[in-house]
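Below you will find one chain, with nothing else, as C-alpha cells; this is the form predicted alone, and questions on how it binds or moves follow later.
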Amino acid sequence: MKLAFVGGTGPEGLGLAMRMAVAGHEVAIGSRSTERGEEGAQTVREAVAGAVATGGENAAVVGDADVVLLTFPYSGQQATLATLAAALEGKIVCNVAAPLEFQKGIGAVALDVAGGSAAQEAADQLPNSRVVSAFQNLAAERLKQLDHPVEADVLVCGRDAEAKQVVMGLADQIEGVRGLDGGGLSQSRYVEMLTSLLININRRYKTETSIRIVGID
C-alpha cells in the first residue's frame, strides 16, 4: 500500500514511516513545506535500504494514498484538517495524536478536549473519511531502532470495522507489535491519555516503555 504521513517529519511520523518502509510499503512524508517533506523522505531512504519514500507538502502527498496517518501534534489538528478535509474524503485516516502538555514540576499532562478525544474531533471534521486512531503509545525512538523489535500492543479504535482491520494489519507488520481492536472512537480517549503516563514513566526510569494486553491469544 501507499501510506501518507501528514506532519510526518517529526520523530513519531518518521519512526512509523521507517517501520512501514521496512514492511515493504511505499511511504510519502508530508509537511507544511515541500522542502521539509522531501528531507523527511530522504531520512527514511537513508535508514531503510531500498525504501520507496517520497516527500512534499501535506496536501500533495495524501492524494493517492491508501491510508493517511496524522502524525502531527494535537495543537495543529483543527487547522490542518480544515485544509485537508476534501482531499481525505473516502480515505482511511489514522489519527496518532495524543492531546497533552508539559507542566513544570509535573511532566506530561493529558488534556481534556471538548470532543472527548482527538480521534472523535478528527472524525467530526472529516465526516466523509474512515477515521480510526492508533499508535499513540509507541515510543518514537524505539520505532527508529530498526534492528530491534518494539514489543508492544497497538490499540486501534474506530467505528469502521474494515478500516480498523487494515490499521491493525499495519501494526502487525512492525516487528514485535500486535494490533488489537480497542473498540469505538470513544475509547480512543483512554488510549490517548496513556501517552502522558508512559512519557512520565520513561523520564523517571530513563527508558522507553510501551503497553501489553495480556490474556489474549
Ligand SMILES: NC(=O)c1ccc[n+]([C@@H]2O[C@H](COP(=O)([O-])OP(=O)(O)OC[C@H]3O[C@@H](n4cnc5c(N)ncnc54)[C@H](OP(=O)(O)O)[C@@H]3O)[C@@H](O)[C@H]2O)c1
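All values reported here derive from a predicted model rather than from experimental measurement. Just count from 1 along the sequence shown to find any residue number.
The discussion below concerns the form predicted together with this ligand, not included here.
Colleague: Okay, which stretch from 69-77, 108-116, 86-94, 122-130 lines this ligand in the predicted complex, with non-hydrogen atoms inside 4.5 Å?
Modeller: Contact criterion met by 69-77 only.
Colleague: Within 4.5 Å, heavy atoms only, which of Arg178, Arg36, Arg159, Arg45 is in contact with this ligand in the predicted complex?
Modeller: Selected option: Arg36.
Colleague: Give a yes or no for Pro11: in the predicted complex, does one of its heavy atoms lie within 4.5 Å of a heavy atom belonging to this ligand?
Modeller: Yes.
Colleague: With a 4.5 Å heavy atom cut-off, would you call Ser31 a contact of this ligand in the predicted complex?
Modeller: Contact check for Ser31: yes, within 4.5 Å of this ligand in the predicted complex.
Colleague: Using a 4.5 Å cut-off on any heavy atom, which residues of 126-141 would contact this ligand in the predicted complex?
Modeller: Stretch hits, in order: Phe135, Gln136, Leu138, Ala139, Ala140.
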